[in-house]
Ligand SMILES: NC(=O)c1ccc[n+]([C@@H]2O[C@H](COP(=O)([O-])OP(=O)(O)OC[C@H]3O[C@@H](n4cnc5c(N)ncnc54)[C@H](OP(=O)(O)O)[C@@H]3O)[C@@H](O)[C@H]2O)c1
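Take a look at this single chain in structure tokens; it is the form predicted alone.
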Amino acid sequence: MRISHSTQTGEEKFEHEIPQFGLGVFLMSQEGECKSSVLAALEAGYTHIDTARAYNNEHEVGEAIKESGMDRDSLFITTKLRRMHATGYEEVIEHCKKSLELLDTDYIDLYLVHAPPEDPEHRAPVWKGMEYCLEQGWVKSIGVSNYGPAHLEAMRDYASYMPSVNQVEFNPWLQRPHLFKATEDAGAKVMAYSPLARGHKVDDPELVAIAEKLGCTPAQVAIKFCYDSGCITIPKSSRPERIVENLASLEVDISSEMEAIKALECDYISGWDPTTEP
């Protein structure tokens, strides 16, 4: 999948290829857990790893990549500026450099603002800092996470480069058509986290019935729904067998049950949701 940044003149800048499927490493904070998960994912054929400063495991992602022996250019690393660090231009530069150091890499493929800065006055200078990191080549693409339609619209007044990605919770139970359209209108792709609603809905009887019809697991149905909806999809797992199962979701044909899956929509938010904040 190709991502890029829309400019105020309508041009597309800093185009970059992103693997549409990847491994999320949220809540992998036990020592060695993230590293072993990343190694298992790389061995299974994943090429995209999604981490964040807030997860406290960027260093283990870096260690796993080095240990794997894989060429850095064949991999895609996403990480995020922590919300508490999103307070100004200089702070962005400082923490981008720190993430590069922890990941032990020369560049980050996609760098996201983890959530809209709590102080609206900080949003423009933070984004200007992100743009500086992009122009320096420290990061190949920049984007946002947990931004709502109003946040994206406000960016048009201060962004030289609109975000390439908006990473939000998205799954069969939370399909967010208004936010999806606002993201696309900004020239960005939707990146779906919590495709399984943090596991809360994996035993949903309707989902189970759909999976039985299709001959796959309920988790595979939910993951493939996100993928087929056009989202960059990053299910999280630290179990090697589940990591393999999640990747196999891509081989599942859910087209015959797409309407039934869409009917699961119930506006269910499993985690935090800054998208509606002022």
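Note that residue numbering begins at 1 and tracks the sequence as displayed. Everything numeric in this text was worked out from a predicted model, so none of it was measured.
This next part talks about the form predicted together with this ligand, which is not shown.
> Is there a non-hydrogen atom of R242 within 4.5 angstroms of a non-hydrogen atom of this ligand in the predicted complex?
Although this ligand is absent here, R242 would touch it in the predicted complex, with heavy atoms inside 4.5 Å.
> For R72, is any heavy atom within 4.5 Å of this ligand in the predicted complex, or not?
No, R72 sits far enough from this ligand in the predicted complex that none of its heavy atoms falls within 4.5 Å.
> Can you tell me whether K236 touches this ligand? I mean in the predicted complex, with a 4.5 angstroms heavy atom cut-off.
Looking in the predicted complex, residue contacts with this ligand include K236, since a heavy atom lies within 4.5 Å.
> When the contact criterion is heavy atoms within 4.5 Å, does R83 count as touching this ligand in the predicted complex?
Output for R83 is no: heavy atoms all beyond 4.5 Å of this ligand.
> Let me test this: is every residue among I18, G45 and I232 within 4.5 Å of this ligand in the predicted complex, going by heavy atom positions?
No, the candidate spot makes no contact with this ligand.
> Among 144 to 152, 102 to 110, 175 to 183, 85 to 93, which stretch has residues whose heavy atoms lie within 4.5 Å of this ligand in the predicted complex?
That would be stretch 144 to 152.
> Which one, K189, R123, K140, H114, lies within 4.5 Å of this ligand in the predicted complex by heavy atoms?
By the 4.5 Å criterion, the partner-contacting residue is H114.
> Please tell me which of K128, R198, K97, R156 lies within 4.5 Å of this ligand in the predicted complex, judged by heavy atoms.
In short, R198.
> Could you pull out the residues of 170 to 185 that have any heavy atom within 4.5 Å of this ligand in the predicted complex?
If the 4.5 Å heavy-atom criterion is applied to this ligand in the predicted complex, 170 to 185 yields nothing.
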